[in-house]
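Only one chain is included here, represented as structure tokens and corresponding to the form predicted on its own.
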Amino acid sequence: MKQYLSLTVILAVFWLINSGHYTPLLLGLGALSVLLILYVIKRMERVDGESEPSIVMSVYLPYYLFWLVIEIVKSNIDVVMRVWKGEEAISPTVFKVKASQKSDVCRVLYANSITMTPGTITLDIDGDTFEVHALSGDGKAGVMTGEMDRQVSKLES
């Protein structure tokens, strides 16, 4: 029950922040949307036996999102500089990296975080091994340091 309560609060706050409208009709529709999502999650538990992802309950999630935004901005700047410098600054490479996350949700979050960071794309996931394309050797080195892997893994604890 505690999980549903915290998920309800998170969904409601998210809806209110993104809506920006506080008329009775829209507040009612927002509440209805939250209830519908909770119903779907409950039905999904009956089918696959899993509950909502543990990362939703993580107090570390806001820190991770802030960290990811900073990484995206830094990568954007790097990609722009490489485009300005021309072909000699771009050396595409494909490599494999291991993921240390225990849950499928966190492995997917890690793969998507790599893809959201400009200059790198997750091409394939095979268990705990990701195939990644990087625009440059520096992009490869950034993924290979394992910092993003560690940040995502913190969401599981």
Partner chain sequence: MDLFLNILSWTCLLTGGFLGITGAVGLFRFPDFFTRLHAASVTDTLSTILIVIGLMLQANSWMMIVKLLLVLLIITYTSPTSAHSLAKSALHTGLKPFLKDKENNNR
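For the two forms, the rigid core is made up of the largest set of C-alpha atoms that agree within 1.5 Å on superposition. Residue numbers count along the first chain shown, from 1. Computed from a predicted model, the values in this text were never measured in an experiment.
What follows is about the form predicted together with its partner chain, which we do not show.
Student: For D124, is any heavy atom within 4.5 Å of its partner chain in the predicted bound form, or not?
Tutor: Contact check for D124: yes, within 4.5 Å of its partner chain in the predicted bound form.
Student: Taking its partner chain as it sits in the predicted bound form, is M116 near enough to touch it, meaning that at least one heavy atom pair lies within 4.5 angstroms?
Tutor: Yes, M116 lies within 4.5 Å of its partner chain in the predicted bound form.
Student: Can you check whether T93 is within 4.5 Å of its partner chain in the predicted bound form, heavy atom basis?
Tutor: T93: yes, in contact with its partner chain in the predicted bound form.
Student: Can M148 be called a contact residue for its partner chain in the predicted bound form at 4.5 Å between heavy atoms?
Tutor: No.
Student: Please state whether every one of the three residues N18, V79 and R82 places a non-hydrogen atom within 4.5 angstroms of its partner chain in the predicted bound form.
Tutor: The answer is yes: all three residues contact the partner (heavy atom, 4.5 Å cut-off).
Student: Can you tell me which residues in 60 to 74 come within 4.5 angstroms of its partner chain in the predicted bound form, by heavy atoms?
Tutor: Residues within 4.5 Å: I72, V73.
Student: Tell me, please, whether between this form and the one not shown the C-alpha of V143 is shifted by 2 Å or more, with the rigid core used for superposition.
Tutor: The answer is no, as the C-alpha of V143 shifts between this form and the one not shown by less than 2 Å after core alignment.
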